[in-house]
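Just one chain follows, in the form predicted on its own, and it is written as structure tokens.
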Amino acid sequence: MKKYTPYILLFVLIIFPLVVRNSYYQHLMILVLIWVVIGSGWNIIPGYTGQVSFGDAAFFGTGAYTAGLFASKLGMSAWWGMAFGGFAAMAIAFPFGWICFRLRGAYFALASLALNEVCRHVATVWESLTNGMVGILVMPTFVSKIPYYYVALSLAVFSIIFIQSVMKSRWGYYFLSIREDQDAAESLGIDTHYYKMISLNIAAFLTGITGSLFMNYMGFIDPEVVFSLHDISIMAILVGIVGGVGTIYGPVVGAFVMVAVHEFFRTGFLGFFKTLASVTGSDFVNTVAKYVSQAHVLGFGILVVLVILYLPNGIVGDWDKIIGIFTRFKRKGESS
């Protein structure tokens, strides 16, 4: 059964927008699929190559602005960003990796953090090109969310198949050798700098394309949205950690969980507090509802702490452990 689970999930995702016509749920699924791609891209750097990165926002924002500039400056369709956004992100990743991959551990992580801020400030200050904080607005191509859904689904499936193929190739074995022991890999003749560059550019390409899709779907971007450390880079890390770092399907599970948690808090526990406030007419409950809707960061923190304590390899990495726990509970229930 475990062997066929990905195919069953894919079938469910294909028919989802045909069965569920509610645009709100379609929107949530588009966000999930977007995070599957971003999380998969991030996962290949720390999960398989062992290099912790906070640079996803730089690549995501570059891809988004590529699509936006095609529309605002060149008068072309923003969908051309899907073709060029990934390469634009690689153009940022290549010089960054060439210089900063000589750093290791926390130093490289800090350098990637700085890359986000540099890109955000450039997009903010260069008003003649990016419109600064005014942002870029484009008209959506489709009224329905279904075309965006299937584009996002195709991109998510492509990213998973592509990374799975890479990890079964020679590149994948070199990535893993660098993750396990970089000095030992170098002693065996592996050009660690070169293969770290490859992993970074793969991640940048996937994340850049996703940024271009985001531009087309949302229709508006500004530097604070697409170069956000918290909303992009940290979220990508959380998707990987919760789902399972170094696993193919970890980002898929992590994307579902993190979008669900975010929406759970944003809606005030699925509208519970708003309903309670309207029934009771209490100003206190209204205040609580306001703060709860903004407390998704707290929810993320609690979830990550629980995962680190009880599922250090993530949901997918410790799936057998989760099944074992439920099996023990079932046996105890039957024996009693």
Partner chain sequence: MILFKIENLVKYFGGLAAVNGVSFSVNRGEIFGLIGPNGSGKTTIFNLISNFHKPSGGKIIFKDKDITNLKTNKICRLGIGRTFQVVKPLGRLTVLDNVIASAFLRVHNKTEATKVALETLEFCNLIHRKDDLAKSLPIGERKRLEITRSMATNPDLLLLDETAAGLNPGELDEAIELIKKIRDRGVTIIIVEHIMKVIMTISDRIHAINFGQTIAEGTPEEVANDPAVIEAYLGEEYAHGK
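The model shown is predicted, which means the values in this text are computed figures rather than measured ones. Residue numbers count along the first chain shown, from 1.
Although it is not shown, the form predicted in complex with its partner chain is what the next lines describe.
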Practice item. With its partner chain left out here, work out from 219-227, 162-170, 106-114, 128-136 which stretch has heavy atoms within 4.5 Å of it in the predicted bound form. Key: 162-170
Check your understanding: So in the predicted bound form, does residue 75 come within 4.5 Å of its partner chain, heavy atom to heavy atom?
Key -> no
Review point. Quick one: does residue 248 come within 4.5 Å of its partner chain in the predicted bound form, counting heavy atoms only?
Key: no
Review point. Does its partner chain come within 4.5 Å of any heavy atom of residue 177 in the predicted bound form?
Key: yes
Point to revise | Non-hydrogen atom contact residue 190 with its partner chain in the predicted bound form at 4.5 angstroms | key: yes
Practice item. Identify, from the list 184, 83, 99, 260, the residue with a heavy atom within 4.5 Å of its partner chain in the predicted bound form. Key: 184
